[in-house]
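For this one, two forms of the same chain are given in structure tokens, first as structure 1 and then as structure 2.
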Structure 1
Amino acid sequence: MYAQAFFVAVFGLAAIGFGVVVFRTSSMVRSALALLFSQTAVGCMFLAMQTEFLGVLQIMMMATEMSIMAIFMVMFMMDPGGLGGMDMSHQKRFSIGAGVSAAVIAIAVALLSDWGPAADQVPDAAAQTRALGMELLGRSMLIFETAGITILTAMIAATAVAIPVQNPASKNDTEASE
């Protein structure tokens, strides 16, 4: 029990630590990977709290997602390596306000919610996975499938928008007009 609490605390602090690094570096890649390791630490917290599936899933998904974020940062940011010593922060007042209020809300939710009695016995990982599967394909199926289809649609739409128009007729027109 104490060991568990200890690890949750360690990973929690690591998550916060990496989260701070995100804003303390001016290298975009470092920033993205620090965010990745912050999220990985959150995944490890899940593991320490015996929710194995969630933890492993979190650790797996973040690796790819944050790497993709890193490449977008490199592609579009002005100084992705942070060599110019440029100040990466902007809209300071607004972000401080947003951060503080989010923290207050999160703490309030944590303190004020009725979490119910603590479970004595956590089901083992295999049983949890099974229960999660039953949930996903049972009661919550509609929600998840809708979300999935929506994301897929958004992806296809975004790709379609990004593909340059390849219409030979209109291309000829523009060439002729030039």
Structure 2
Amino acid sequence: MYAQAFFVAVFGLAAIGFGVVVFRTSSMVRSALALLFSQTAVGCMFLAMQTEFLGVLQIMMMATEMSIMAIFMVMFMMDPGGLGGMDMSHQKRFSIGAGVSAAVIAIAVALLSDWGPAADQVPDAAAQTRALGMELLGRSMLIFETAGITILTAMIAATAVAIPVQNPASKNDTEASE
């Protein structure tokens, strides 16, 4: 129990630390990687809490999402490496005040709320994974399938827009005129 709490705390602090790095760096690519590490730490927290399915799902989703985001940033941004001196934070005083206020409210809710009694019996990991799978593949399947097809279509469309159109006939005409 103590080892589990230790690892949850370590991964929680890592998630917060990398979350801070997201806003402290001047590079969009480094920000994306810091966000990836932060979300991976959240996935590791799930693993430490013995919710293996959610932990692996979190890590896989964030790795894919951040990889795609970094690729598009490198393709379309003027300065993805951050060599031009970019400031990632805006309205600093308001942002700090909002962040501190939100943290105080979240801590107050966590400490002062009546969470009720702990569960008497918890199903094992296999039963939890099966119940979650039935939920995802039951009434929510159409939503997830629609979201997956929409994301795939957007990725194909973005790739098609990014690739320049080449006309083979004009290429042959250029070679013949030389």
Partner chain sequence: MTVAVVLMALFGSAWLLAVIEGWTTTGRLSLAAPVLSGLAHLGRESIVPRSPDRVFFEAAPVLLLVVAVLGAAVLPLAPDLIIADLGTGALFINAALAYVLVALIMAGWGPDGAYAMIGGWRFLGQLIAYSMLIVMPITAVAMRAESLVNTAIVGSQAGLWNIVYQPLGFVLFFIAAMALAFRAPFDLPIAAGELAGGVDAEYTGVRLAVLRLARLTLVVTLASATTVFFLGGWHGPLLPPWAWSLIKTLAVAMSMLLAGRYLPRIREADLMRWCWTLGIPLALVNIIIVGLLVLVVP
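Only a predicted model underlies this, so the values are computations on that prediction, with no experimental measurement involved. Definition used throughout: the rigid core is the maximal C-alpha set that superposes within 1.5 Å between two forms. Quick note, the numbers are simply positions in structure 1, starting from 1.
Visitor: Mind telling me which structure is the form predicted on its own?
Guide: Structure 2, which is the form predicted on its own, differs in this respect from structure 1.
Visitor: Would you say whether residue 13 is displaced between structure 1 and structure 2, judging by a C-alpha shift of 2 Å or more on the superposed rigid core?
Guide: After core superposition, the C-alpha of residue 13 moves less than 2 Å between structure 1 and structure 2.
Visitor: If we fit on the core, is the Cα of residue 135 displaced 2 Å or more between structure 1 and structure 2?
Guide: Yes: residue 135 shifts by at least 2 Å between structure 1 and structure 2.
Visitor: Examine residue 57 after superposing the rigid core and state whether its CA is displaced by 2 Å or more between structure 1 and structure 2.
Guide: No, the C-alpha moves less than 2 Å.
Visitor: Superpose the two forms on the rigid core, then give the C-alpha shift of residue 122 between structure 1 and structure 2 in Å.
Guide: On core superposition, this C-alpha lies 5.0 Å from its counterpart.
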